[in-house]
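This document opens with one chain alone, in structure tokens, the form predicted alone.
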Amino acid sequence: MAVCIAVIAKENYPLYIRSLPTQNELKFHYTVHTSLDVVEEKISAVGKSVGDQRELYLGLLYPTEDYKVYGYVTNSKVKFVIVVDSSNTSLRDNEIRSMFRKLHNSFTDVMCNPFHNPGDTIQSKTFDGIVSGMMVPPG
């Protein structure tokens, strides 16, 4: 499962970042923000292709020694980044896709809330619960 999940706005500021364990939170913030360059590269490369059939799932952005970073972009250019522990080899690509799909559906529910101002940080308990379900249990 994920060790860090982030939702980044169109303008590249964080709407939501959650990481476990919390003592590495700054490291995960750095990892998420460095992945944005790769996300922008992939978006611009896809935009130049014929037909512009955009796949929302960007796949593996980059692996590090300890983690693998995956990306996903919505049609409104909101970016989702999931950081997974590299030692977890049982996690397949289709499972990562389903995590992003679940995250996107939950994000859509947050945006449809009439009391949520678009652009504000996400403070929904339901969204937080769904993200918690995707995180690695501390242990």
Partner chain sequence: MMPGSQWELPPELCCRPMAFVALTGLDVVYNAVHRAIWDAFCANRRADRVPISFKVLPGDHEYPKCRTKRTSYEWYIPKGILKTSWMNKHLNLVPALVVLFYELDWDDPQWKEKQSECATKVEIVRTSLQGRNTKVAVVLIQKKTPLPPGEDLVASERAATLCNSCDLSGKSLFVLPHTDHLVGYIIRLENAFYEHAQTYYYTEIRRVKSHKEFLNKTTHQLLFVRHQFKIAFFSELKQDTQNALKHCKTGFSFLSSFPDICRLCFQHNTPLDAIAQFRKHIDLCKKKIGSSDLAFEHAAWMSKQFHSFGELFDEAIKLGLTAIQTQNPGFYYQQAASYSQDRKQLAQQLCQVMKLQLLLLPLYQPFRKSMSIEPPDAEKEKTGIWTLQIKERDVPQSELIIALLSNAVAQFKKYKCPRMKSHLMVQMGEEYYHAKDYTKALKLLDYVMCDYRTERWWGLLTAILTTALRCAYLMASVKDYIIYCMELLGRASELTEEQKLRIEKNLIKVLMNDIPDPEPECDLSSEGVARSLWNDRMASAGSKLLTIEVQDYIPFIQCKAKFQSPSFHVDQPIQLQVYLRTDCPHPISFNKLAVILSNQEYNQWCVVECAGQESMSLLPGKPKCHNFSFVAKTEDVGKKIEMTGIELMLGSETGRCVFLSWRGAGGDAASTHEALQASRSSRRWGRGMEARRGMDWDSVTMQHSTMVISRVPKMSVKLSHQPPALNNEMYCINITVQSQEEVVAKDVKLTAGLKPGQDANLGQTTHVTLNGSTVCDDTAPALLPDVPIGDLKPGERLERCVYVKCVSTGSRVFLFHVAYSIDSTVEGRQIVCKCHKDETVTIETVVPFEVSVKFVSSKFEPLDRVAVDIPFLLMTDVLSLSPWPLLLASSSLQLLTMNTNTPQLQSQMQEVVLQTDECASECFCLRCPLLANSNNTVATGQYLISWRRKSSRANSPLIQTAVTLPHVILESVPLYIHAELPSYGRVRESLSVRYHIKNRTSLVQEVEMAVEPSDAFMFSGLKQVRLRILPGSEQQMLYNYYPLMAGYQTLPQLNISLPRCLTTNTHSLRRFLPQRIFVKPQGRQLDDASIAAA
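Only a predicted model underlies this, so the values are computations on that prediction, with no experimental measurement involved. Positions refer to the first chain, counted from 1.
If you look for the form predicted in complex with the partner chain, you will not find it shown, but the lines that follow are about it.
Using a 4.5 angstroms cut-off on non-hydrogen atoms, would Asn94 count as touching the partner chain in the predicted bound form?
Asn94: no contact with the partner chain in the predicted bound form.
In the predicted bound form, does Gly119 come within 4.5 Å of the partner chain, counting heavy atoms only?
Although the partner chain is absent here, Gly119 would touch it in the predicted bound form, with heavy atoms inside 4.5 Å.
Is the gap between Leu61 and the partner chain in the predicted bound form 4.5 Å or less for some heavy atom pair?
Judged by the heavy-atom cut-off of 4.5 Å, Leu61 is in contact with the partner chain in the predicted bound form.
Flag Ile8 as yes or no: does it have a non-hydrogen atom within 4.5 angstroms of any non-hydrogen atom of the partner chain in the predicted bound form?
Taking the distances in the predicted bound form, the answer for Ile8 is yes, it comes within 4.5 Å of the partner chain.
Select from 15-33 the residues with a non-hydrogen atom within 4.5 Å of the partner chain in the predicted bound form and write them out in sequence order.
The stretch touches the partner through Ile17, Leu26, His29, Tyr30, Val32, His33.
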